[in-house]
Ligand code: UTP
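Given as structure tokens, the chain that follows is alone and in the form predicted on its own.
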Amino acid sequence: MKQVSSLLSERGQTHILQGFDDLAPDAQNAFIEEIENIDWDTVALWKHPEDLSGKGRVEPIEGLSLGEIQKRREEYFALGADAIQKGKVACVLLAGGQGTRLGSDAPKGMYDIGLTHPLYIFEMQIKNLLEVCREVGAAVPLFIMTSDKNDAISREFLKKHDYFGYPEDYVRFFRQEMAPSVDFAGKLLLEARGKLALSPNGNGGWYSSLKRAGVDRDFPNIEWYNVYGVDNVLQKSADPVFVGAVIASGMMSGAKVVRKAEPHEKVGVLCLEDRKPSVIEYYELTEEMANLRGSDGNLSYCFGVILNYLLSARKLEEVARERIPVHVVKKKIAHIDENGAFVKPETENGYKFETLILDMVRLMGTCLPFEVEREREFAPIKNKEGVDSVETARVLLQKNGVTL
């Protein structure tokens, strides 16, 4: 405890020890562990955050169109299937979120989208992966990233449902690492006595969280990680054609993309920034860029990302040794005040620290845009109604022959 007190004293953070002596021994030990896990370099960024707002020279990126993929489909499939059969490909399902916007307090993956029978988001993700496994005759390691809030219930749910037919030996769970929050003066915030106000460190933290958990150790041949979000119920993971195309390209990463429906569609766009792959938000495109068209009449900035990336394990090791940019974000952070009273602020009162997978793609150096059919592979569930909702996903699932 003396070491912890000294550490906090050096950093002007001893205020968080108020009431420590009144905690039960188990709670004291848990709090000490939280403090020992703080990344102080990240916390220090509150005062001098990296400037992540400016863009360099932005240009369109060349990618594989549907037609080009079809011409080489057999070649790509053979390459990808071979890699999967040799254990070189692993899937990482980002499933740390709750279904709050869907009106549920349960993990988002547990949300039931069925009409005549139960059909869960987790179930659809696993069904999609099982199709690939049957196609290539091999199982794929499936790493599921949960959060502190939904880890236990996600594990219990999937075990109860026998992993929806997926081989349990190939499933591993790991929890996303958490980052502390600070007020505008850089002081650590507490959510309760002996409990830091922690929040997930962003989807760019998946690799450091996976490595820290060591869940990859049982699969020593992994050369590629296919990382994707839980909310797209048509997401095709470990797609052998996608894997093979990226391997054939010699690039360090690949991104599944859909062609934008219109110039101002609200999707992140894969492009080049200072000759490196980059994803820029739709609102960062100038009017001229959004409407720019090539000689073929197609939009030049046309590749909308769908959060399905294939990343080289070797390059990820290099990236991890550097440092993924940390976004310092102003947020409304619930906490206790100096008197121990719980405060739920109505305005922004501090900073959270997040990393983004988009920055990770940029650090990979090269990325192959791989076009997929929107109606076959893009049915995100972000809202209960309206755009990208349960309703729109159901329509697309039915179009793809899924019985709801």
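Think of the rigid core as the biggest set of C-alphas that the two forms share within 1.5 Å after superposition. Residue positions are given as counts along the sequence shown, with the first one as 1. Owing to the predicted nature of the structure, the values given are computational and were not obtained by experimental measurement.
Beyond what is shown, the protein has a form predicted in complex with uridine 5'-triphosphate; the following relates to that form.
*Asks:* Looking at 279, 182, 95, 158 here, can you tell me which has any non-hydrogen atom within 4.5 angstroms of uridine 5'-triphosphate in the predicted complex?
*Replies:* Selected option: 95.
*Asks:* Of the options 194, 240, 141, 200, which one has a non-hydrogen atom that comes within 4.5 Å of uridine 5'-triphosphate in the predicted complex?
*Replies:* Residue within 4.5 Å of the partner: 200.
*Asks:* Do all of 253, 304 and 361 end up near uridine 5'-triphosphate in the predicted complex, with near meaning a heavy atom within 4.5 Å?
*Replies:* No, the whole trio is out of contact, none within 4.5 Å by any heavy atom.
*Asks:* Since the chain is shown here on its own, which stretch among 240 to 248, 264 to 272, 131 to 139, 100 to 108 would lie within 4.5 Å of uridine 5'-triphosphate in the predicted complex, judged by heavy atoms?
*Replies:* Of the options given, it is 100 to 108.
*Asks:* Should residue 73 be classed as touching uridine 5'-triphosphate in the predicted complex when contacts are defined as heavy atoms within 4.5 Å?
*Replies:* Residue 73: no contact with uridine 5'-triphosphate in the predicted complex.
*Asks:* Within 4.5 Å, heavy atoms only: does residue 229 come near uridine 5'-triphosphate in the predicted complex?
*Replies:* Residue 229: contacts uridine 5'-triphosphate in the predicted complex.
*Asks:* Is residue 331 close enough to uridine 5'-triphosphate in the predicted complex to count, meaning some heavy atom within 4.5 Å?
*Replies:* Judged by the heavy-atom cut-off of 4.5 Å, residue 331 is in contact with uridine 5'-triphosphate in the predicted complex.
*Asks:* Can you work out whether residue 382 and uridine 5'-triphosphate are in contact in the predicted complex, taking contact to mean some heavy atom pair no more than 4.5 Å apart?
*Replies:* Yes - in the predicted complex, heavy atoms of residue 382 and uridine 5'-triphosphate come within 4.5 Å of each other.
*Asks:* For a quick check, can you give me the residues of 121 to 145 that have a heavy atom within 4.5 Å of uridine 5'-triphosphate in the predicted complex?
*Replies:* Only 145 sits within 4.5 Å of the partner.
*Asks:* Core superposed first: is there a CA shift of 2 Å or greater at residue 72 between the shown form and the other one?
*Replies:* No; that C-alpha moves by less than 2 Å between the shown form and the other one.
*Asks:* When the two forms are laid on each other by their rigid core, does residue 100 show a Cα shift of 2 Å or more between the shown form and the other one?
*Replies:* Yes, because once the rigid core is superposed, the C-alpha of residue 100 moves 2 Å or more between the shown form and the other one.
*Asks:* For residue 327, state whether the C-alpha moves by 2 Å or more between the shown form and the other one after rigid core superposition.
*Replies:* Yes, its C-alpha moves 2 Å or more.
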